[in-house]
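Shown below, as structure tokens, is a lone chain in the form predicted alone; questions about how it binds or moves come after it.
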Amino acid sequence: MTTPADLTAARALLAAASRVLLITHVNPDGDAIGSLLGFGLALRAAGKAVVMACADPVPDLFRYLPSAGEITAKPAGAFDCVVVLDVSEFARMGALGAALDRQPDLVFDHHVTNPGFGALNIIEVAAASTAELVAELLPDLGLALSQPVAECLLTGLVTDTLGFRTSGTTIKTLGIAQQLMAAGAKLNTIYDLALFKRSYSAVRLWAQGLARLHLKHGIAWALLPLEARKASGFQGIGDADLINVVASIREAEVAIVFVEQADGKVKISWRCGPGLNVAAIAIEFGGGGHAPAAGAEVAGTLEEVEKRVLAVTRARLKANGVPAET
């Protein structure tokens, strides 16, 4: 729980900084990019020199956001303050974290699995997104809510709640969305661009995954081997949100997508409904996240990782009383 003393310390830290490095997690989603850009633009408006960084490229889906093209994988120079946003653990910064010569000064996050790896940690697991947390705290941090900032933060909020549909969506979430709209962010445009519009190659990737779709024991899962990405022409590194398509299967208690990576690892995404906790499964594989949505990267072949993950997931379902014939 964030205390008034935490906010006072964070405000003083940012006020004293002149050149700030902002970092978000690898394989960034809408909340990662939205909170990174929103906070970065707010700091810049306050007169700070800001560099916004991510180890992986910005997905094409979010390149409509202001200053998205400025996000770099190779921040240069010296920084007197390092702020990390929407990163559940140190390793999720990837190469940027490995290159840091000190502990991050400030962490903003909402993941329940975050151990608090910064010198100062503002972690609110009740927040539906890190973007929601940042939007709520801007006044306390002495930062202004401009239209570009609101557009970025509303994108993070909308995408992490899947359009206000997740169980973590609260009255506060909707109230903050209203504030962001009042500041000039257009909900209808963001909703369309972030949740519905997809590139031709992304939809072709879905087709590849759905051709490798399975349902057994209450688990629906899809596989994306390297050849599927090549066949689709999709240039991104994730699943193009295929996980949300798989999660729509009515008969599934848990949805999983396995994405084979070129480095000998497999990226795994889990989704589940109320009453289950896939973050606990992800932790067993070195990952993390939230009860209804989590992820991990595991070394091994696609076949090996699929077998291990399905076994652990099925065991969790059985422990929760889901019958084997589901």
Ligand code: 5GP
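In case it trips you up, residue 1 is the first one in the sequence shown, and so on. In this text the structure is predicted, and so the values were computed from the model without any measurement.
Keep in mind the form predicted in complex with the named molecule is missing from the figure; the text below concerns it.
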### Query
Out of the stretches listed (50-58, 280-288, 66-74, 33-41), which one is close to the named molecule in the predicted bound form, meaning heavy atoms within 4.5 Å?
280-288
### Query
Which listed residue (E253, E124, D140, E89) meets the criterion of a heavy atom within 4.5 Å of the named molecule in the predicted bound form?
E89
### Task
Flag A294 as yes or no: does it have a non-hydrogen atom within 4.5 angstroms of any non-hydrogen atom of the named molecule in the predicted bound form?
yes
### Message
Within 4.5 Å, heavy atoms only: does H111 come near the named molecule in the predicted bound form?
### Response
yes
